[in-house]
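To begin, one chain is listed below as structure tokens, in the form predicted on its own.
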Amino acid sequence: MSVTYPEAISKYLSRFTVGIAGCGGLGGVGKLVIADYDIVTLQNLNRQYYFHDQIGRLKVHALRENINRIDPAITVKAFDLKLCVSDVIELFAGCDVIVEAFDKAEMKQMIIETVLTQMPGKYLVTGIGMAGWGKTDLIHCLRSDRLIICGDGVSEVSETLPVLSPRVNMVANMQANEVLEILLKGFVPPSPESR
């Protein structure tokens, strides 16, 4: 039986676990560990992958449901809690890569410091500077050893600079792409004979 290139990539990725701190979304890998304490609100619908009938539900449960509707083969472990240092270490210890998807700057700082100082060998892909609109050319990735920062690095959310879907989704897609780059480092494509 021949194996297509996309099937080979999918099979290879199925052995990895990605931790997501804050309920953004990243699929395609074998296991996801997601943690958040927030509920779905009407304001989330313009930039996050939830539906109107999920308003009021815990984000972790709604996201797990949505991911399982897309791909029931993905195992999603959902934790309804506000992460602290010890939670980050415990919940994401078995993850190959950790993705930060928090709204609040202090939570971003906490997970960056925790992963870089207390979780040797773990990669962290974070999003910083995605508020507002336009200025697409300023969005980029910065890599420093195990820390990858996606965004423009400066656009903080404010009353006059809200979080809107286009820039959030660009950064989220960049984060997903960086995760794939990390996970696929050891991928060996199938030989032409096996395709």
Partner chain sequence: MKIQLNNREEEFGFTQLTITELLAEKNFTFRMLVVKVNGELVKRHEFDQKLVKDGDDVMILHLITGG
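These numbers were taken from a predicted model, which means no experiment stands behind them. Positions refer to the first chain, counted from 1.
FYI, the form predicted in complex with the partner chain isn't displayed, but the following is about it.
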| Would Thr41, Asp137 and Asn173 all count as contacting the partner chain in the model of the complex, using a 4.5 Å heavy atom cut-off? | no
| remark: With a 4.5 Å heavy atom cut-off to the partner chain in the model of the complex, the contacting stretch among 63-71, 123-131, 50-58, 32-40 is 123-131
| At the 4.5 Å heavy atom threshold, is Ile112 in contact with the partner chain in the model of the complex? | yes
| query | Is there a non-hydrogen atom of Ala93 within 4.5 angstroms of a non-hydrogen atom of the partner chain in the model of the complex? | reply | no
| Does Pro166 reach the partner chain in the model of the complex if we count a contact as any heavy atom within 4.5 Å? | no
| query | Given that the partner is absent here, does Leu116 sit within 4.5 Å of the partner chain in the model of the complex, heavy atoms only? | reply | yes
| request: Using the arrangement in the model of the complex, list in sequence order the residues of 65-84 with any heavy atom within 4.5 angstroms of the partner chain. | output: none
